[in-house]
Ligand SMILES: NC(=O)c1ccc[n+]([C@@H]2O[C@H](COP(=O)([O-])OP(=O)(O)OC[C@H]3O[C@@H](n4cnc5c(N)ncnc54)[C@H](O)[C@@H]3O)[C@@H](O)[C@H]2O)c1
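Starting off, we have a lone chain in the form predicted on its own, written out as C-alpha cells.
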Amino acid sequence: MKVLVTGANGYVGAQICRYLSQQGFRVSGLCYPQIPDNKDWQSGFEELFMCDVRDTEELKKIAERQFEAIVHLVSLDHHQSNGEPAFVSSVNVTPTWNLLDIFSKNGLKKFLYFSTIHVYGKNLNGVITEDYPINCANPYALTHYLSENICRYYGQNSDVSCVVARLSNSYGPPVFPDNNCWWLVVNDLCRSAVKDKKIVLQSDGSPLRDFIHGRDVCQAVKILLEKGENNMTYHISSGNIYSILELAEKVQAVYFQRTKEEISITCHCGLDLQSPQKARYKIDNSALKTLGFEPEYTLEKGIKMLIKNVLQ
C-alpha cells in the first residue's frame, strides 16, 4: 500500500512511518518545518516532502503521485490550540478538508484521521464506547471533532474510505531528541526519575488516564489501514485505567529495580497525594480488537523501556 503520512517528523508520525516501512508499506512523509537529518530514518521512505500542510498548491503537486492512503496527524497541541481561532483552525481543521478535497480527485482510497479521546470531555463514567456522548471542553477537542465531521462527509460523498482513530494517551521514547513529547505525563515522570532523582506531580495524583505505548499505536495504524471500515470510529487505547499516583508508583518501582535507588513522590502544590475519588472508567477498544488488535506493551514494560532510553 502506498501511504502518505502528514506530520511525518512529529512524535507520533516518526514512529508510525518507521513501523509502516518495516511492515512493507510504501511510505512517503510530509515534514515541516524541515526534514530531519537522519539517514537511517530517511531510508525507510519512498519520498519525503518538506511541505506546510496548509500549502494547497504544494499538496496538489504531491497528490499527483496518486497515494492509496493518507494518515493525517498534523495538529497543534493542547496549549497551542487555545490560540486565535483563525490560526488554530488553519492547522487543525482546514487541512483535513483540503487533503480530502485534493487527494480524493487523485485516486485516494483510504483516509485515516487521528482524533482524540478528549472529544468526550472531562467527566467520564462507565464504559466509553465510540458512541459515548460528545462533550468538547476545549478548542483542541472541538477542532478535532470538526475534522471528524469533514471525514464523515467525504466518507458519504466520495470514493474515499474515511476512518477516525481517537487516541488516548500515548507515551514512549521519541525517534528524534527534539520531538515535543517530554510534557506527556509518562515520559515526564520517567525523565524526572532519572534526571532529578524524584517525582513531583502537578496534581494530587487522583486523575485517571488510559496510557498506550507508541509501538501499540503503530500496530493499530497498520490494522486500520488494512481493515478499518468506512465512516467508522475506533479507539486506540490500552483499555486499562491508572491514576497519576499509580503511574508515579510504577515509575518509582521500575526505577528502583533498575538502579536500586529510592526516589520520592510529592505534589508541587503541597496537596496530599490522593487515590482516585471517582469511579474508574474504561476506554473500550473492542471495535479495534475485532480487527485483530491486541496491545503488546503493559505499562510496566513501557516504563522499563522508557527509563532505559533516558538513562542512555
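As the structure is a computational prediction, the values presented were derived from the model and not from experiment. For every residue, the number given is its place in the sequence shown, counted from 1.
The discussion below concerns the form predicted together with this ligand, not included here.
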query: Proximity of Phe25 to this ligand in the model of the complex, heavy atoms at 4.5 Å; finding: no
query: Exercise: Gly13 in contact with this ligand in the model of the complex, heavy atom 4.5 Å; finding: yes
query: Any non-hydrogen atom of Tyr140 within 4.5 angstroms of this ligand in the model of the complex; finding: yes
query: Partner contact for His144 in the model of the complex: this ligand, 4.5 angstroms, heavy atom; finding: yes
query: Which of 67-75, 192-200, 226-234, 121-129 sits within 4.5 Å of this ligand in the model of the complex, heavy atom basis; finding: 67-75
query: Single option in Ile241, Val175, Cys218, Val91 placed near this ligand in the model of the complex, where near means a heavy atom within 4.5 Å; finding: Val91
query: Answer option from Ser206, Asn98, Ser104, Asn169, heavy atom within 4.5 Å of this ligand in the model of the complex; finding: Asn169
query: This ligand in the model of the complex reached by all of Asn9, Tyr32 and Phe114, non-hydrogen atom within 4.5 Å; finding: yes
